[in-house]
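This document opens with one chain alone, in structure tokens, the form predicted alone.
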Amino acid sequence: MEKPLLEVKDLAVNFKREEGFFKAVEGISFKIWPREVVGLVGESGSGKTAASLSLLNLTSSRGKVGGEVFFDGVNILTLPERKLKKFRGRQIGVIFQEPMTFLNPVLTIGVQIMEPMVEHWKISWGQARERALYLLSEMGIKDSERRMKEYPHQLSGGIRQRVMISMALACSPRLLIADEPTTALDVTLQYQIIELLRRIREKTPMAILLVSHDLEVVRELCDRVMIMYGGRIVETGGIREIFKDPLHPYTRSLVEVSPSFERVAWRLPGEDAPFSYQSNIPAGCRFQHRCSRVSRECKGAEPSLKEIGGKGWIGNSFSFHRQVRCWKYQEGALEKDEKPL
């Protein structure tokens, strides 16, 4: 069986505030294999973006990253910045959530796509230009010759997102981190971006970590999914089993609000944000304040991420265990009249 491409052990991300450090991500561990597409799902504030960007130590200067991140056997968090830059773009590509924020406003998009190829591959600008034109064409951008000369502010949101994907793929990375790639796009553009990512996974051997709050996008693209809440992973499993039989109350609620399911649609309470951005993390389960089945046990101690059942397989290459962080996961699905608090 193949070895994992990425292995994360006890990852933690703390951000400094005036009142002290707060925990955005606390002790998460997971693996990603070559050619696998994994979803990382959670609502705003769950810690999913902080977790994904910390894999390349791309959190802000106020962020402190702990734990271990092994890429092809190398703990990249121990590397000096000079060597870490060789991984960024070359081995691991990133599609950032807001292209306008990360695209350089004073450089043409052509230069921004070509630059990493010249830097990492040591090829000529002419060779890089040919590949840049090819990538833009693959992304469905018409008149790529003209687009290469334009600046980010001259492009629509959909085109900027395609340019960001082209930049992430420029050096043929082995792992692609896609952070909310369809956010702020209309339905038509969302569908087009999903189709682009589907083509990427079919044409290339790269693995993909898809970060999203949209369970439908994850279901369309992923083999496996990790559900985050309050800085913790609360459930993991294959796409089919997560959608068919969610075990954690939070996962059940997310599945219930998914528009493709003909069930009672519940709205998760918006006023009760996850505790990952608060200092008053409660004792016990972090979902207790929103769960209709909370008990004394739930308030007493936080459950561990427990492996349940046998191994699941993706193709013939790699296996995974289903996991859940809940004291009462065996109680089954919620009744229609039973809602999260």
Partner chain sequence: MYPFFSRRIFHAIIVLLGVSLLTFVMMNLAPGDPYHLDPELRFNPEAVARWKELRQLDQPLHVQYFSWLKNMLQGDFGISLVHNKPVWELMMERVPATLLLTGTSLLVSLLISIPLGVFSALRKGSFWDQVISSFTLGGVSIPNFWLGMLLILFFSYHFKWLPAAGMRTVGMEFSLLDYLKHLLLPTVVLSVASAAYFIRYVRAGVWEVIQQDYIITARAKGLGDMTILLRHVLRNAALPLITVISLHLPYLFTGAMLTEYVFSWPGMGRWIVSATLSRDYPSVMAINIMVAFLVTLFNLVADLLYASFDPRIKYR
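Bear in mind that the values here come from a model prediction, so they are computed numbers and not experimental data. Positions refer to the first chain, counted from 1.
Not on display, but discussed next: the form predicted in complex with its partner chain.
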(request) Using heavy atoms only and a 4.5 Å cut-off, decide whether all three of N57, H120 and W125 touch its partner chain in the model of the complex. (result) yes
(request) Choose from 200-208, 152-160, 72-80, 187-195 the stretch whose residues reach within 4.5 Å of its partner chain in the model of the complex, heavy atoms counted. (result) 152-160
(message) Just to be sure I understand the contacts: of Q112, T236, S253, S144, which is the one whose heavy atoms reach within 4.5 angstroms of its partner chain in the model of the complex?
(response) Q112
(request) Consider F96 of the chain shown here, and say whether it contacts its partner chain in the model of the complex, taking contact as heavy atoms within 4.5 Å. (result) yes
(request) Answer for L103 alone: is it within 4.5 Å of its partner chain in the model of the complex, judged on heavy atom distances? (result) yes
(request) Mark P116 yes when one of its heavy atoms lies within 4.5 Å of a heavy atom of its partner chain in the model of the complex, and no otherwise. (result) yes
(request) Could you confirm whether G89 comes within 4.5 Å of its partner chain in the model of the complex, counting heavy atoms only? (result) yes
